[in-house]
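Only one chain is shown below, in structure tokens, and it's the form predicted alone.
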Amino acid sequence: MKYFTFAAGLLSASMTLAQTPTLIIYAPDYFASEWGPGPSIEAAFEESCSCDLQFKTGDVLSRIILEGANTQADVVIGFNTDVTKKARETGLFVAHGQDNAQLTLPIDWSDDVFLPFNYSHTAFIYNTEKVSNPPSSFDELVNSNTELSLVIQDPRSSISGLALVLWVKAIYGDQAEAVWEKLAPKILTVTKGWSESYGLFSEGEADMVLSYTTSPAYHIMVEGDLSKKAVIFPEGHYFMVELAAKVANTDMPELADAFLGFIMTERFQKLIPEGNWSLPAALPKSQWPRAFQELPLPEKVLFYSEQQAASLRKDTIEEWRRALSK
């Protein structure tokens, strides 16, 4: 009798599990890691959806292109506008169905396929205990005779590195390669990704590192360290936005819609600042954590549409490569 009761319980649990709908979201590794926003977002969404949300991590765009119409994904998250042209051309995504008027971005957003969930701006971070007189403009950084050392990321392998070459292009246009030639002697090293660069900076190996305007918030809120600051340039800063999208052939369309709607809620948005150390895309500044409210942010925002970014990508990377190889 005890065996029968135990077996019946297992069967009941298995049936319940089988009846629980599963939402599969492809996301970058950082997003679903224990220090990323994914775990908190998963727990919060599952409270209301009566579902099982599963993040599958890796190179999102490459994976979904490889899988095509047979992809397991219902939603993808973590794209940016430097890759959305390629993603859009696959035909694998459909309209997100959300009201863009709810967004609080510093630019107008009208895309009905890719939905912003957070943003920041590319910036150079410095340590006030090491650099007492940081450059007050991009021109001053380029032309200064001081022995500032910079660590940046490779635009061929890093989203932030690509944003940097587009940032330089947005400011200097046809003079971009000449600017890189002037910057080259100041560049201590070029790393494959952001974490390697920031690690070198944190260890005191470089005076400044390519990162984001929101990076100091981490040091303030987690470490109580007020010495890390972003240099804000009057020429403007390149805008970086991260996006989510619904997969066209999802077998959980209503659940996918519910998750995209959840992205726009206050609960989701309030998980972003301290989960992803960036600015929420649909939350007024008055509701940001105090440390984020007090961050200096650029008055001028530079941005290329996905079409512009795609058309400039090859040439801007080649300008950078030629200048740094001389």
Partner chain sequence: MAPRIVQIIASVLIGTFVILPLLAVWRQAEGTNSLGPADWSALRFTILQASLSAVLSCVLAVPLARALSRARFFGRDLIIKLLGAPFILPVIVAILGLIAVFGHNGWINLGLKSLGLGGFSIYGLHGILLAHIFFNLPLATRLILLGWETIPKERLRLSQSLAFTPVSRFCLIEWPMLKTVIPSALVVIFVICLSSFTVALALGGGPKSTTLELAIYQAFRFEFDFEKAAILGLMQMCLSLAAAYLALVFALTDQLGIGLDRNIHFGSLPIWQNIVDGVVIMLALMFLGLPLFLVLVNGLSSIASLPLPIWMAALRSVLIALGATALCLLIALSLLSRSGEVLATLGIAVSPLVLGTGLFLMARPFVNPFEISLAVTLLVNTLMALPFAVRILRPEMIQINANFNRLSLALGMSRLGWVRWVVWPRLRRPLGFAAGLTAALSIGDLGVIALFGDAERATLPLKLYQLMGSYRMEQAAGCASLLLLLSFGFFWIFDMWGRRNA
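Positions refer to the first chain, counted from 1. Here the structure is a predicted model, which is why all the values come from computation and not from measurement.
From this point on, the text means the form predicted together with the partner chain, which you will not see here.
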**Request:** Answer yes if any heavy atom of Ile159 is within 4.5 Å of a heavy atom of the partner chain in the predicted complex; otherwise answer no.
**Result:** yes
**Asked** Hey, in the predicted complex, is Thr122 touching the partner chain, heavy atoms inside 4.5 Å?
**Response** no
**Message:** How about Ser144 - does it come within 4.5 Å of the partner chain in the predicted complex, if we only consider non-hydrogen atoms?
**Reply:** no
**Item:** Heavy atom of Ile65 within 4.5 Å of the partner chain in the predicted complex
**Value:** yes
**Request:** With the partner chain left out here, work out from 208-216, 131-139, 241-249, 101-109 which stretch has heavy atoms within 4.5 Å of it in the predicted complex.
**Result:** 208-216
**Message:** Only one of Gly91, Pro234, Pro253, Gly199 gets a heavy atom within 4.5 Å of the partner chain in the predicted complex. Which one?
**Reply:** Gly199
**Residue (of Ile263, Ile272, Ile41, Ala32) lying close to the partner chain in the predicted complex, criterion heavy atoms within 4.5 Å** = Ala32
**Prompt:** Among Tyr126, Ala176 and Lys285, does every residue place a heavy atom within 4.5 Å of the partner chain in the predicted complex?
**Reply:** no
**Prompt:** What are the residues of 43-61, in order along the chain, with a heavy atom within 4.5 Å of the partner chain in the predicted complex?
**Reply:** Phe55, Lys56, Thr57, Gly58, Asp59, Leu61
